[in-house]
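Let's start with one chain on its own, the form predicted on its own, as structure tokens.
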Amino acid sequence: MPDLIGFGESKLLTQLVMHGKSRRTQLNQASPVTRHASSAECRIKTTTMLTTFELLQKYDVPGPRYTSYPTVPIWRPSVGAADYISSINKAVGAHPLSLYFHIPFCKKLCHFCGCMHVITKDHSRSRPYVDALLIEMDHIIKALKNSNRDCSQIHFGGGTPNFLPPEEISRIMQRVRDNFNILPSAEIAIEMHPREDPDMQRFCDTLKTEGFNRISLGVQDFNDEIQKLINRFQSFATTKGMIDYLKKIGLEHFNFDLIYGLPGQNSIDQFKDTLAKTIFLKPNRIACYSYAHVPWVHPVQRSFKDTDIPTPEQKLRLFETAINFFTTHGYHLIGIDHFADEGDELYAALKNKSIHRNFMGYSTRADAHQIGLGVSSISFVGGHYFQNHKTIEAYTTAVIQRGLATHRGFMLSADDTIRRSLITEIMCHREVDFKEFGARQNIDFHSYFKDDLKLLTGFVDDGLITLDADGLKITPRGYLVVRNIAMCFDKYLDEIKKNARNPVFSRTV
């Protein structure tokens, strides 16, 4: 899309090279990061990370990412639309809503991808899908009973939401405005694939008109050879061109998604080039996710050779490189794989302990009921989980026939709710005050979790956590095993393992 690129390729490369030289000078002079505003943030130094291969082998096991608890493999098909309606009916009071719209369509299949997607170049398929999505929204609005519920967050995910023509984005947003009170402080975000598209400017203009204020771009890696290997093509110039245009029309908040451990990522210097290009574009947030190689779940991943996949040690070095690079360039480490600059509200949420973890990763608006709309979407409302059908045919048929498409879910017990809160605290803050947590949950922590606490002994012995009568804290050395530590409090893992034919989860390190 040459009309979106602000200046020529040669000038762009010249500026990038000069920028890279400046950044390398800063990196060579910078000491390891020690500036963190609260105990919730790790002081990251390469020398204090989980660097021994023996420990890496010990803790590199399949485990949940804990974007939910209980985790999806334990959810029940017996939980249906009636349970969802009942939970929505009870979701009253001061808590606002967070609306998530899943747009599954993609023009090409990225070979690393684990998201629910529909591969097609036929744009006519989106209109009946949006029709079904609006029917589902109408039934949810009816179930809420009281009109004009406050809405603090709207997110369009995918798939590739900018597959939709601008008019269909406007249709959805108009229905939201007609039925919800979008708060002035609401975050309105959309995931986008930067690509050459003659209609891209009009799509971006529509986002501005409709009130979007945060753009999330999937980058993964800027290296041409890696993009070819994973079948994901977007040049740096194309990505920069989209960012430049979005800034020109007044959008200011950007998220970038990167992935470490991708097939072909076998060079630290090559990976640093992607990190430098990312910094050059100045996103407010960066998510640096671990590649999940699960070919038994996503057969397209069998297209990769074993030699394409970085070893566990190489993968660890890639992530250490990302942590040190970003934290020496003004970003703060958030949770296990997110970074935010000083002025971003995600960093503010970390400091005031209002940060939240859900299916979009680390997020703000922890108090909101999450309403998922569209194929495979997940809701967490009234304290329970509900998921829609996972194929577009089953989803649209269910919505047309019954108004809702609930496929499975989980109704949390009191114990599940307590454990969910604890695991969230570990994943978000990496420390737990036993007395404070017990008072909040009306339990005696030591008695309630007596057996679970015994499972932490090995982590203490390996210097990965500190544990005393007052609480637990994960040390910088234990940063990479946060998921493993949370697993000690998951009462369903044995059941999942017993019933699984293949590994259910990606590896933890």
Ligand SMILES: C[S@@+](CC[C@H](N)C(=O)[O-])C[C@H]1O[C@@H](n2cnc3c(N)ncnc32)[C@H](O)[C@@H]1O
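Don't overthink the numbering: it's just position in the shown sequence, from 1. This structure is a prediction, so every number in the text was calculated from the model and none was measured.
Just so it is clear, the following notes concern the form predicted together with this ligand, a form of the same protein that is not shown.
Of the residues given (359, 112, 212, 129), 112 alone sits with a heavy atom within 4.5 Å of this ligand in the model of the complex. Comment: this ligand is not present in this chain, but in the model of the complex one of 285, 407, 369, 232 has a heavy atom within 4.5 Å of it, namely 232. The stretch from 245 to 253, 112 to 120, 173 to 181, 83 to 91 that comes within 4.5 Å of this ligand in the model of the complex, counting heavy atoms only, is 112 to 120.
Using a 4.5 angstroms threshold between heavy atoms, residue 436 stays clear of this ligand in the model of the complex. A residue is said to contact a partner when one of its heavy atoms sits within 4.5 Å of a partner heavy atom; residue 274 fails this definition for this ligand in the model of the complex, lying far away. For the chain shown alone, residue 349 is not a contact residue for this ligand in the model of the complex, no non-hydrogen atom being within 4.5 angstroms.
In the model of the complex, residue 292 approaches this ligand with a heavy atom inside 4.5 Å. Taking this ligand as it sits in the model of the complex, the stretch 200 to 235 comes within 4.5 angstroms of it through a non-hydrogen atom at 218, 220, 232.
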